[in-house]
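What follows is one chain in structure tokens, specifically the form predicted alone.
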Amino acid sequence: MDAAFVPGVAVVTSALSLRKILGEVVDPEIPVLTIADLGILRKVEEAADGTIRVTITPTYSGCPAMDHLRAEIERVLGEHGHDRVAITTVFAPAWTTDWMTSEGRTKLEKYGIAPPRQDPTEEILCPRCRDDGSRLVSEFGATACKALRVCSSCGEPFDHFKEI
């Protein structure tokens, strides 16, 4: 039996292992992205008393997914034998799309969403045909973090994850 599941046995878990576990927590609005991909997982550590302390930053202050994400963090850690969890939400510094991982950006594009640009002067590429010509249809898509665009080349609509 794994020592992590033996009652009364304290097991120190590395921050790297905890981050791997938390890599199972996906964004409910864009389920191909994890909280690590998004860059909202700021810090994770195990306190001396065994409590797992997780610090997260929402993508924006009114993000409706935060309650769900906190519950998922607790659920996933609990499934791995960590029953004492303290989650802190911090708003400063404010989240930025610069915190997204390159893997997360690639996942977005494969999912059909144009990732945020690292240089706002770059053209927004259609995630389907990779053409750089598109027109803005709506500043807001299905979520506040995305804009709806239509590709001028293939004619397909697509979401663009806006730069923040």
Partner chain sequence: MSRLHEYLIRLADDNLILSQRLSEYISRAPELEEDLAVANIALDHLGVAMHLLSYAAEVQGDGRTADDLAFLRSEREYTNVLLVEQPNVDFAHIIARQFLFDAYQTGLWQALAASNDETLAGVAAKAAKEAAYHLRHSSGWMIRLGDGTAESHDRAQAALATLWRFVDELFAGDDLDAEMAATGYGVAPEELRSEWDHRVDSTLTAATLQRSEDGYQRSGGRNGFHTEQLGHLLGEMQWMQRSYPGLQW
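All figures in this text were calculated on a predicted structure; none of them were measured in a lab. Numbering follows the first chain given and starts at 1.
Another form, the form predicted in complex with its partner chain, is not on view; read the next lines as being about it.
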*Since the chain is shown here on its own, which stretch among 62-70, 119-127, 36-44, 101-109 would lie within 4.5 Å of its partner chain in the model of the complex, judged by heavy atoms?*
62-70
*Do V32 and its partner chain share at least one heavy atom pair within 4.5 Å in the model of the complex?*
no
_Can you work out whether A144 and its partner chain are in contact in the model of the complex, taking contact to mean some heavy atom pair no more than 4.5 Å apart?_
yes
*asked:* Is D49 part of the interface with its partner chain in the model of the complex - any heavy atom within 4.5 Å?
replied: no
*asked:* With the partner left out here, check for me: in the model of the complex, does some heavy atom of T55 sit within 4.5 Å of its partner chain?
replied: no
*asked:* Do any residues of 82-96 have a non-hydrogen atom within 4.5 angstroms of its partner chain in the model of the complex? If so, which ones, in sequence order?
replied: F91, A92, A94, W95, T96
